[in-house]
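Single chain ahead, by itself, as structure tokens, in the form predicted alone.
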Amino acid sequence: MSLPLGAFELTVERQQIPSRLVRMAAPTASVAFGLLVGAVIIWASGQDPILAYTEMAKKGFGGRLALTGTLVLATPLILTGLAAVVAFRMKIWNIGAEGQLILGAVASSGLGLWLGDNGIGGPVGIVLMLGAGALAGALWAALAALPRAYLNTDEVISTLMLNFVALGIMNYLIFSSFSHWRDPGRATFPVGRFVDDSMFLHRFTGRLHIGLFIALAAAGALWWALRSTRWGFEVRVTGDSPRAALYSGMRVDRKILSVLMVSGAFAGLGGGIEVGGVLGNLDPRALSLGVGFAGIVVAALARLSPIGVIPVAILVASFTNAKPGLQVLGIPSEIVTLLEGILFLCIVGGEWFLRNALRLHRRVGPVEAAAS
């Protein structure tokens, strides 16, 4: 592709491996350009862009309460981001992390309530509760994985539709039934029963709980597994060329099943951590916030890197954490959402420069071309 510019010509050339300078400059320039565009929009809306950016940074990271609040919000985003990373690495499109997180919360809260009723709590009860969340997420993902692996169905549709089924199950358990999950003493405004205090995750300071470190450990484990194990090697090979994987003797059907179940386990663990670390019960109002879909954005911006998911999730969480504080100052929360979208679009657009290079050449006329 070329674009004539007078005596010169601008061409686009495909590059396989960008230089280290380009890998560093492209994301930095993308963020700077996004902030510049956002500042113009804030100024056009009658707000002070410097004040808006200052308050966003302060409400997201300024002080212990702001920082811990951001990290708490980032915890489920890290896990749903990992759920997307492990699936997308093999070109399996799991759009169902939202439903898998919800089913993880349903299973964790249900088992947590049963354990509390039977006097089982503490570290053993917490491990069982979180394990139930991960297992429920994996089994929920398996509902889409089995037909995808053995019947070659479309996993995008099945995982997406399962989100609505999971949401319906959660709403039914709390709003439309007198189930094990619902508090029988709250008939007018239905809420979920709270698990025993011994089932809550350990808190370090403020709202910051050990779930963050579980999510960080999960990111490290996935990075190691994809990089250093046979399973990770087969995931990469299958994602690059399923036909080559088949010719080499790999069981692609089993790999699809395992990858989607691992993906669901990450999301389900996120639901369990939300119950044990933040909510304490099954709360449809707090769990229907699109965390699973946001995890897809996090994974894409992290370029499907398990470690890269961590800072991206923290950045996304800081935007969410800043919204209430900005509203107090008269800055609409929609401004924050708009800035978030612009920044992410610019970062994604900057990925183009990692795969392509711009070259400016002097145009060669017919006479010069014949002489050469």
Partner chain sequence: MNDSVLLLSLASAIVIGTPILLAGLGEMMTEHSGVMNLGVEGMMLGGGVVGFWMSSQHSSVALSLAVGAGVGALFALIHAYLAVTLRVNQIVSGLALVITGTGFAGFVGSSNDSALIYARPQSFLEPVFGESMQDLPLVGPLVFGHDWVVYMSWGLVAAAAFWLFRTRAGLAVRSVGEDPASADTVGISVGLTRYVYTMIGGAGAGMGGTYLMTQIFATYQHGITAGLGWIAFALVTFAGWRPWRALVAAYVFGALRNLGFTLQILGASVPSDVLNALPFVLTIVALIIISARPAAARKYSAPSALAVPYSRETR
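Positions refer to the first chain, counted from 1. Since we're looking at a predicted model, the values are computed, not measured.
FYI, the form predicted in complex with its partner chain isn't displayed, but the following is about it.
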Hey, in the predicted complex, does Asp48 get a heavy atom within 4.5 angstroms of its partner chain?
no
Is Asp240 close to its partner chain in the predicted complex, meaning a heavy atom pair under 4.5 Å apart or at it?
no
If we define contact as a non-hydrogen atom of the residue within 4.5 angstroms of the partner, is Phe344 a contact of its partner chain in the predicted complex?
yes
Contact flag, Ile335 vs its partner chain in the predicted complex, heavy atom cut 4.5 Å:
yes
Heavy atom within 4.5 Å of its partner chain in the predicted complex: which of Phe164, Phe178, Trp231, Phe204 fits that? Just give me the one.
Phe164
Find the only residue in Met250, Ile95, Val191, Ile210 having a heavy atom within 4.5 Å of its partner chain in the predicted complex.
Ile95
With its partner chain left out here, work out from 210-218, 127-135, 109-117, 148-156 which stretch has heavy atoms within 4.5 Å of it in the predicted complex.
148-156
